[in-house]
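Below sits a lone chain in structure tokens, taken as the form predicted on its own.
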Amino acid sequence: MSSSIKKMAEKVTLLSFWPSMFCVFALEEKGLSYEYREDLPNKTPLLTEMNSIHKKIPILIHNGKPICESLIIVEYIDDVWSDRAQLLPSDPYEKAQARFWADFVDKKVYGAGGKITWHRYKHEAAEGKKELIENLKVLEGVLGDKSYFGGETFGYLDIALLGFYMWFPAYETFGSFSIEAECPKLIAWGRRCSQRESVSKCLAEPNKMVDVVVRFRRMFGLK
């Protein structure tokens, strides 16, 4: 059986939740066929079986085998389906740089954004806002005047930040500030990415992201 026929026969399932689209962006960019299942807020038996350690999404199930954690899944997708739309650079140094900055996004942007959206006290939101702006300015410097973080090629680091770009309206609403006023090049980058079919079909409406934060804040007892 040829490799192309084998890949056509492969079964790919993604357990996720619509505010977390990292893996979906990668699957769509590769043009892959997959089954998508929403798995929050109720954790299904399949989720706990496939991620028995952390019991959280996202989980990519490839031919019955689970792969967990967003960026690890994106790298896995890029490795397995390497014959189409390469996401990570082939150059070892450039690949290491992409991984470094994706880790920066995963730790710094996620952490600061969480202080804004899930704050209990106003000073926590103010602290998160300050940290987020600082971190986004760093990333804006990395982007420079390029179309994408990889130059003219959309890739891994773009996907890593796009997962949080979806949350920008919520950060702005609950932090009372404008990201575009602080980081105009980054917003222009986000709009450019949003024009890609693999991204536009997955992005939520801005108000929907704000609404989900409102709903979860109520669930968590946050005013």
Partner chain sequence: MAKSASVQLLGSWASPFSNRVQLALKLKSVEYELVEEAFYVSKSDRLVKANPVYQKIPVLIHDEKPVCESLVIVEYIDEAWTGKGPSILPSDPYERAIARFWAGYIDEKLETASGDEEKFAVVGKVLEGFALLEEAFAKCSKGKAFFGGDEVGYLDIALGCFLGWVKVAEIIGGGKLLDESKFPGLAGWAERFLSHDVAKDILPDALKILEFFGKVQAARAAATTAAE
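As the structure is a computational prediction, the values presented were derived from the model and not from experiment. Numbering follows the first chain given and starts at 1.
In what follows, reference is made to the form predicted together with its partner chain, a form of this protein that is not presented.
Q) Taking heavy atoms only, is Glu124 within 4.5 angstroms of its partner chain in the predicted bound form? A) It does not: once its partner chain is placed as it appears in the predicted bound form, Glu124 has no heavy atom within 4.5 Å of it.
Q. Any chance Gly141 has a heavy atom within 4.5 Å of its partner chain in the predicted bound form?
A. No, no contact at 4.5 Å.
(Q) Quick check on Gln97: any heavy atom within 4.5 Å of its partner chain in the predicted bound form? (A) Yes - in the predicted bound form, heavy atoms of Gln97 and its partner chain come within 4.5 Å of each other.
Q.
Within 4.5 Å, heavy atoms only: does Lys115 come near its partner chain in the predicted bound form?
A. No, Lys115 sits far enough from its partner chain in the predicted bound form that none of its heavy atoms falls within 4.5 Å.
Q. Do all of Leu161, Glu197 and Lys201 end up near its partner chain in the predicted bound form, with near meaning a heavy atom within 4.5 Å?
A. Checked in the predicted bound form: no contact with its partner chain for any of the three.
Q: Identify, from the list Met166, Cys68, Cys193, Ile179, the residue with a heavy atom within 4.5 Å of its partner chain in the predicted bound form.
A: Of the listed residues, the single hit is Cys68.
**Q.** Residues from 93-116 in contact with its partner chain (non-hydrogen atom within 4.5 Å) in the predicted bound form
**A.** Sequence-ordered list: Tyr93, Lys95, Ala96, Gln97, Arg99, Phe100, Trp101, Asp103, Phe104, Lys107, Lys108.
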